[in-house]
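In structure tokens, the next block holds one chain alone, the form predicted on its own.
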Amino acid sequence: MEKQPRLLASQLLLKNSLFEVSLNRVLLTWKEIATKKKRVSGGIHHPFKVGTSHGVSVSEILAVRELDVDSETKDDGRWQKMPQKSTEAYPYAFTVSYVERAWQHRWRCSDVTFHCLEGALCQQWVQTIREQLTALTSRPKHLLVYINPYGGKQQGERIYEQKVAPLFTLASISTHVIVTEHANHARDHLRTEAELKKYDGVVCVGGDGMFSEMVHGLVSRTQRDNGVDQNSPEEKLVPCTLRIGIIPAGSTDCICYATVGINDPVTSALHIIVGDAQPMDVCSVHHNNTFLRYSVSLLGYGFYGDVLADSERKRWMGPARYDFSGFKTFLTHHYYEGTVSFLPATDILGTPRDKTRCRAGCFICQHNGQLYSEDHQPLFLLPEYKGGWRVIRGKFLAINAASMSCACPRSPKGLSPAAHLADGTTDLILVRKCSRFNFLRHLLRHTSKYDQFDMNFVEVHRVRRFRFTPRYCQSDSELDLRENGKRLFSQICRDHPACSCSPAYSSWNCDGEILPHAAIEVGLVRIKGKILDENLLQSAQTGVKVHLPFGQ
């Protein structure tokens, strides 16, 4: 790496010790000046060298401001430690606020205050640092913020006001805040009313549902403004220009956890401030050439669809409804017959079982994403017996498509630990009919270190596209007759799982929303977007594209 020339270098006072402080276009460093002090022990004099070097990247400096030294020494009625060296000889000071990395991917805001001999020198340091910060074009200056006051534990407004807003103010970021009043408020506002040209990005304070709303609003607005028909699976979508940031304030915050590695509002806010970004793809879901939704993280049919459908009827229980509905769905143990057709991702690096965790700047994402761009084929034009499509028919307890690891605090590895955020693929997980005991083993492995795919009734494929057709939707007239009869009797005994009457079809869980159709077509749509939230653990491309990265 080419050595950067110094912009400034001075001897400044820090915590009653002299430091050599240096600034170039990349780093701000300070190193304590070595001195010799005499230390007496048993009549022997020992030279004592002090000083360690510290540094912070210019890109991770949040702000710099002049400090009123007199205000530091005012008597506020509290006991104070007397300084060993008076700062009277250094009457001018400035404070640098910067990002400090803590444990488990946490970021915190730290301050360091330097004292100067002359006011002109102090102002020169402040002005030079500010010029370097201004030159960082990736940083947002104006943000549109949506707060969901009802998500999770209904703490969205408090989290923003107490933890996030002060950091935005410190970094001189102006914000326009909208507290949503109903479901899809943010989506509809982005689609129609928002003056997007005024902002460098949009931020959601909420959970996965809030993030999904904003993706749909921005993507739909962009396509409408450019005359693109979203209902056509083969249509090439126009890239979004705005970035999206996430401040976690939901029930599970799966998207934030799977990408950042931790659900911490301060960490996310700091990544937004420094302008970190990482590509992330999303699935587009169609039914009979009609656009349904975009999926950012999980598409789940069978078990996860049933859990969501049942939990929606128990919203009065709060977040506990997911545990209750999950246990109930596990006991009913319904399976569903159908046909899964998919186009395997060929000539790519990595497999769903290679234990390679995706990071920011992931080589696999860069390589596979390039292949996807060069070899993009129209969606759903090829028959199942051509073009490398594979067909699997059977009885399934769950059919899942993971566009990212889908990790969360309860499942630190996620549904597919090796899934990538920006490689143009999704991991298709098929769980065939098995005993309750074996299915429980599979579910428990989501929370352990063992390979959750190492079971004979589970298979996983890295695919570019797939479609699913329930058995009752297939064209065979005799099959339709049998299924109709089965649905008739299942209506009578649907509340009695002991009779083994399984319903004809389940629901698709699309990022926490129920899709109205069971037969769907899923493909990859590449949209250049950016998510302001950086500290990503993962990095994959599976449909619509957005952005995030991983903190070192």
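Note that residue numbering follows the sequence shown and begins at 1. Here the structure is a predicted model, which is why all the values come from computation and not from measurement.
Form predicted in complex with a small molecule: not shown, discussed below.
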Study note, to complete from the structure: Counting only non-hydrogen atoms, the one stretch of 248-256, 105-113, 464-472, 345-353 within 4.5 angstroms of the small molecule in the predicted bound form is 248-256
Review point. So in the predicted bound form, does residue 450 come within 4.5 Å of the small molecule, heavy atom to heavy atom?
Key: no
Check your understanding: Can residue 363 be called a contact residue for the small molecule in the predicted bound form at 4.5 Å between heavy atoms?
Key -> no
Exercise for review: Although the small molecule is absent from this view, report whether residue 60 comes within 4.5 Å of it in the predicted bound form, heavy atoms only.
Suggested key: no
Review point. Hey, in the predicted bound form, does residue 423 get a heavy atom within 4.5 angstroms of the small molecule?
Key: no
Practice item. Consider the chain as shown here, without its partner, and state which of 290, 95, 184, 132 has a heavy atom within 4.5 Å of the small molecule in the predicted bound form. Key: 184
Revision key, fill the gap. Residue within 4.5 Å of the small molecule in the predicted bound form by heavy atom, from 302, 151, 201, 338, is 151
